[in-house]
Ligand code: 4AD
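One chain follows as structure tokens, the form predicted alone.
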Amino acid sequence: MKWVYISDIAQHLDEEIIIKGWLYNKRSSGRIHFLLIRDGTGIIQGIMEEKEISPETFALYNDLTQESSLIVQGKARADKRAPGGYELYLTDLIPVHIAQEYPIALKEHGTAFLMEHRHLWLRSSRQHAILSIRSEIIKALRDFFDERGFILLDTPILTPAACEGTTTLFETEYFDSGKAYLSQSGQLYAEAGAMAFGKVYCFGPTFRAEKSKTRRHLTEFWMLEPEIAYADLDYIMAFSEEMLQYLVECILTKKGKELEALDRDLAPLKKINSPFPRLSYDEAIKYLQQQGSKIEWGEDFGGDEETILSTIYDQPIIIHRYPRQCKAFYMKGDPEAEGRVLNMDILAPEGYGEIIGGSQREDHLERLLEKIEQQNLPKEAFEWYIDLRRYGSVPHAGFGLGIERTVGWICGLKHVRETIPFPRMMERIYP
């Protein structure tokens, strides 16, 4: 007997097949039992007719509880009225494990309760749709870079120094070598890769010990970070536009059913079309102040400011050339604007805020040394990074895309905690 996944059921109509999964829900009309069965790839309705199955097997219905694991045998038939468009007429059923009373019943539960049972909440149809879209987003992004000749470079998680400022570091003792830190970004190491391979990207978890409880923040999240030798700010702005348009088109094409299951309004996503609107930092500050914001020139944008700016257009918006004082040491100064750096942020529309941050990197040795000294960073920890400016330095640029914020935007979610299987937040590290 052939074991078939529900996602492949259309290729096996009217064949006697086996499905291995779990009971999602059940109901009965007496002589006919209806079992909703899931196997991780989809859901199908199994039909047990009393006249078509042994009495002992028919009676097993009474023992089955929500999320009991089981193996069923039968023939699949197309039926537009059924969940997923197919039904399985059962000829046999074998319980693998009768589940205890399942804590997540098919009713509304509070978010705090669901987060406490996140390991079980993942089985719900909503979480299945979100994480399926997340998987496709990651695949589409990797395809985008692989098709363009980028090398995947795996960067370390344990690092000797800060990349994005010393106030948001998770630290640990590293044997007899002193303190080490969980990586805030793979960027600095990706720069070394760009000098070796020309164009690289890294993709992995990053960590920020930021004491924030907003709907956009996690302490552990995933970033995709390309780094390109000989690229400048204008290049990476255009390149990131191309990447986002490619990504949205892929998800609309391949994950329409999942977006529909989330009640995502597709109209805003279908409008995404590069080139995106661009505002300088100065123009953005002026607009914010006109809207009543108390932000002062020189301050970085927070969630409130990003929300305002990302509702100006129905496209992602690029904010560029921020003041040096609110940005990282590795960003190259703007030769045409004193006190500014050659950087950019991309804010997703509909109020979702920043999903990409990038810059042209400081490629001049003496200027980089000055910035390290000005920010009181430990020069010895950055000697390897400084070497990149000693041996064949070239202009180069890159950016980081936050996976969770991107998933939140594309899925139309209110909070990033649903965008990752097991979210880590300031107040949560369980399960």
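Values in this document were obtained by computation on a predicted structure and should not be read as measured data. Throughout, we count residues from 1 along the sequence that is shown.
One more form of this protein, predicted together with the named molecule, exists but is not displayed; see below.
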- [ ] Just give me the single entry in R134, R361, K255, H320 that has a non-hydrogen atom within 4.5 angstroms of the named molecule in the predicted bound form.
- [x] R361
Task: the named molecule: the contacting residue among T159, S240, Q315, S185 in the predicted bound form [heavy atom, 4.5 Å] - done: S185
TODO: Mark F382 yes when one of its heavy atoms lies within 4.5 Å of a heavy atom of the named molecule in the predicted bound form, and no otherwise.
DONE: no
Open item on the list: So, I355 and the named molecule: in the predicted bound form, are they within 4.5 Å at any heavy atom pair?
Closed with: yes
TODO: Verify the contact flag for R208: yes if a non-hydrogen atom of it lies within 4.5 Å of a non-hydrogen atom of the named molecule in the predicted bound form, no if not.
DONE: yes
TODO: Would you check, heavy atoms only and a 4.5 Å threshold, whether M223 touches the named molecule in the predicted bound form?
DONE: yes
TODO: Heavy atoms, 4.5 Å, the named molecule in the predicted bound form: which of 135-143, 245-253, 211-219, 267-275 makes the cut? Say which one.
DONE: 211-219
Task: Site test, E116, R123 and G408 vs the named molecule in the predicted bound form, non-hydrogen atom cutoff 4.5 Å - done: no
